[in-house]
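So this first bit is one chain, no partners, the form predicted on its own, shown in structure tokens.
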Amino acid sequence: MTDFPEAVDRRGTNSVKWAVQDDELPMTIADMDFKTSPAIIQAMQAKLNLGAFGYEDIPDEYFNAVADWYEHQHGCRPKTDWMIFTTGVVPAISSAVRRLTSLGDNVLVQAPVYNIFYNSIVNSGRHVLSSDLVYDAENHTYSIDWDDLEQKLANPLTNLMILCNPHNPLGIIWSRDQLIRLAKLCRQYHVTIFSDEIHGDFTFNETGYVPMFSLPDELIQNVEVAVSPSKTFNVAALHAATVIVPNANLRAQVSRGLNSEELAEPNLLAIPATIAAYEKGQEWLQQVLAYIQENRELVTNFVRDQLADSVTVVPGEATYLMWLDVSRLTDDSAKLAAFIREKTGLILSAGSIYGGDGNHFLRINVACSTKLVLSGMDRFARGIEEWQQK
């Protein structure tokens, strides 16, 4: 077992994830239970020691750190003049929806997908239009229905697509060929792409993921990419993200939107923490990735050995979230999740909130200590057994 002792007890710390009963185990909200990189803590402490917290600009060092990280980790370097600081990926999505579309327009997604996308669309008075990913129940894989996708992109009211790259909750790493095909379709039908790449550092294949901004120049003129250290380094509460927009005219439009909604004012710790993360956090991340990979394998093996007649893990190559096929048990995953919580205290995310075929799935977060994963699997097995007997 990989040695990674910095998992912490987050009960009683105002953690959204851990605001549960004493006997409950949350494996839901997408944050980790690991203490962040020591380099980040040191940078934050140095800032606090200064003791002066007035208005601040975003230094060039911040954008250079983001560019360096993507060059070293992902083999492609975004230009720093493409970048805009913002306080989070979700606020940036909501701003893009409001800025780049009109009331009543369609915003296309690929369900099942991160549920907050729907909030950003509907709360802005736009319509969700999904080109659902197609599930192969025999091979437990998802694919894009390209004919359906093109038809919906061609709709005159579809002006924006929100892409999840890598995909949450399915753990899909879209290939370069898939992204090129998608980008060509969006260019053909004049649809802007907002690519949420917040999970891009959590990949478990050999080649990593493909940032949208790394595609050929002619294919990224209608592309807006959002990246952040928040998932990678477990610093969501610091509210820091970067929007990367290669096209100058689109960038100006996006920047006006972010500034008008006061999304470009940094938290006093966000800048030093992000710089430290990207400059000094690589070794820490490698430890976390190895640890999470072992947790992912533990869950996969447990389900295969103990629950093969009722549950299947859908293979994924990214994120610390896993997608569990429970279609042999129910077509109402919310009801199953509520039952398991009531009977065992294990809290899982009902797939129904992600749209598409999510009624047949549960999502589990394994970014916690192996001890808790083992407890979660024990509770899961007991819950499934009671469900089958009821």
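Residues carry their position along the shown sequence, with the first being 1. The shown structure was predicted, so the numbers you read here are calculated from the model rather than taken from an experiment.
There is also a form predicted in complex with a small molecule; it is not shown, and the following applies to it.
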Exercise. With the cut-off set at 4.5 Å between non-hydrogen atoms, does L346 touch the small molecule in the predicted bound form?
Worked result: no
Exercise. Is the gap between I220 and the small molecule in the predicted bound form 4.5 Å or less for some heavy atom pair?
Worked result: no
Problem set entry | Residue contact check: P91 to the small molecule in the predicted bound form, 4.5 Å heavy atom | yes
Exercise. Does at least one non-hydrogen atom of T274 fall within 4.5 angstroms of the small molecule in the predicted bound form?
Worked result: no
Exercise. If you check in the predicted bound form, do Y114, C164 and N168 all have a non-hydrogen atom within 4.5 Å of the small molecule?
Worked result: yes
Exercise. Which pick from R99, H74, H199, R126 sits with a heavy atom within 4.5 Å of the small molecule in the predicted bound form?
Worked result: H199
Exercise. Which one of A30, L336, V66, A39 is close to the small molecule in the predicted bound form, taking close to mean a heavy atom within 4.5 Å?
Worked result: A30
Seminar exercise, completed: TL;DR on 128-136, 178-186, 224-232, 210-218: the one with heavy atoms within 4.5 Å of the small molecule in the predicted bound form is 224-232
